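A lone chain, given as structure tokens: the form predicted alone.
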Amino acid sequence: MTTRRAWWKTVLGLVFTGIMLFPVYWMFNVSLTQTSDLRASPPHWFPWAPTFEGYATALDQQLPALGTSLLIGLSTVVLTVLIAAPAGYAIALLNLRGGKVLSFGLIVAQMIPAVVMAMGFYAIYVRLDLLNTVGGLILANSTVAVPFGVLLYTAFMSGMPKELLQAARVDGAGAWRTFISVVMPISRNSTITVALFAFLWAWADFIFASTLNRSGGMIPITLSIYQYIGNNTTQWNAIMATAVVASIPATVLLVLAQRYVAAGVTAGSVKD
């Protein structure tokens, strides 16, 4: 009975995995399909006559946009960690007055729809002359990642052994030195988790990009893909090829950081 139950669980897991991964396969299939075969009925389930014209177009035209997305993603990571780590430290370990209220406010902030935030940013950026700038996008994306980062750091740092902090104080370390020399090295997994999620949010952002940087000289890849969509012609193989190329950095990061993310997300969930 146990073996049969495990066998059915495996089959069910494979079925659900196949359903979830089918859009990824179809994206790859269309990226290799010739333009003349894109509207074939029934559709081609396999690229029998594969072409790399979509990838050639993507690599020829989309590299600047990929570079812009990489710049925005990495800058968002830096800004998020610089703000979230000290904030989480203050809430968790420095007995910050109003810390619980602040934590509740951060939870509420994550519930605000991105469209509403984009409209608010647009009204502010018009006055500050930040529309159509990379810096404006970095700041906007950071506002999405920072609340998550603060809450994650707070959860982890709250579970740190108090003996370590007391030992640092005995050795003469102040709050800032304790944060730099003791707390942050121990928070490696949480930092990697926050950095990864911040990068993925910035890398996949479309709402902020289309609202705040539609006419900018440097646009991210999510907005640049729209160049292939016209009123009369849509280059689907180029769109899907660009999507495949844009998925590579996120996939590589997820694979490399998987074990750190698993440890970082559950950090602070159990206290001794």
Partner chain sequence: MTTLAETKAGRGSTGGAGSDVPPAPPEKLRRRRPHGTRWAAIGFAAPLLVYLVLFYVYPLWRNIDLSIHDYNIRAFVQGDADFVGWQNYVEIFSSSIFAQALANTAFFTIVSIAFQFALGLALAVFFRNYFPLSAPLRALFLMPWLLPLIVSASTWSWMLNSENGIVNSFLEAFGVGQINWLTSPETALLSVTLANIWLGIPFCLVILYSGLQNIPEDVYEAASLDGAGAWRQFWSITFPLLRPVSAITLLLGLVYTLKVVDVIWVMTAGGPGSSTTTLAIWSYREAFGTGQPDFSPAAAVGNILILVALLFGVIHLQLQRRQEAR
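Small disclaimer: the values here were computed from a predicted structure and weren't measured. Residue numbers count along the first chain shown, from 1. Under this definition, the rigid core comprises the largest set of C-alpha atoms superposing within 1.5 Å between the forms.
Below: the form predicted together with the partner chain, not depicted.
Proximity to the partner chain in the predicted bound form, taken as a non-hydrogen atom within 4.5 angstroms, holds for one residue of 167, 71, 186, 83, which is 83. This chain appears without its partner; in the predicted bound form, the one residue of 117, 134, 182, 78 with a heavy atom within 4.5 Å of the partner chain is 117. Shown alone here, residue 57 lies farther than 4.5 Å from the partner chain in the predicted bound form, counting heavy atoms only. With a 4.5 Å cutoff on heavy atoms, residue 52 does not count as touching the partner chain in the predicted bound form; it lies far away. Proximity of residue 150 to the partner chain in the predicted bound form: non-hydrogen atoms within 4.5 Å are present.
Residue contact check for residue 45: one or more of its heavy atoms lie within 4.5 Å of the partner chain in the predicted bound form. Shown here without the partner chain, the chain has 102, 104, 106, 107, 108, 109, 110, 111, 112, 113, 114, 115, 116, 117, 118, 119, 120, 121, 122, 123 in 101-123 lying with a heavy atom within 4.5 Å of that partner in the predicted bound form. In this overlay on the rigid core, residue 12 has a C-alpha that sits 2 Å or more away from its partner position between this form and the one not shown.
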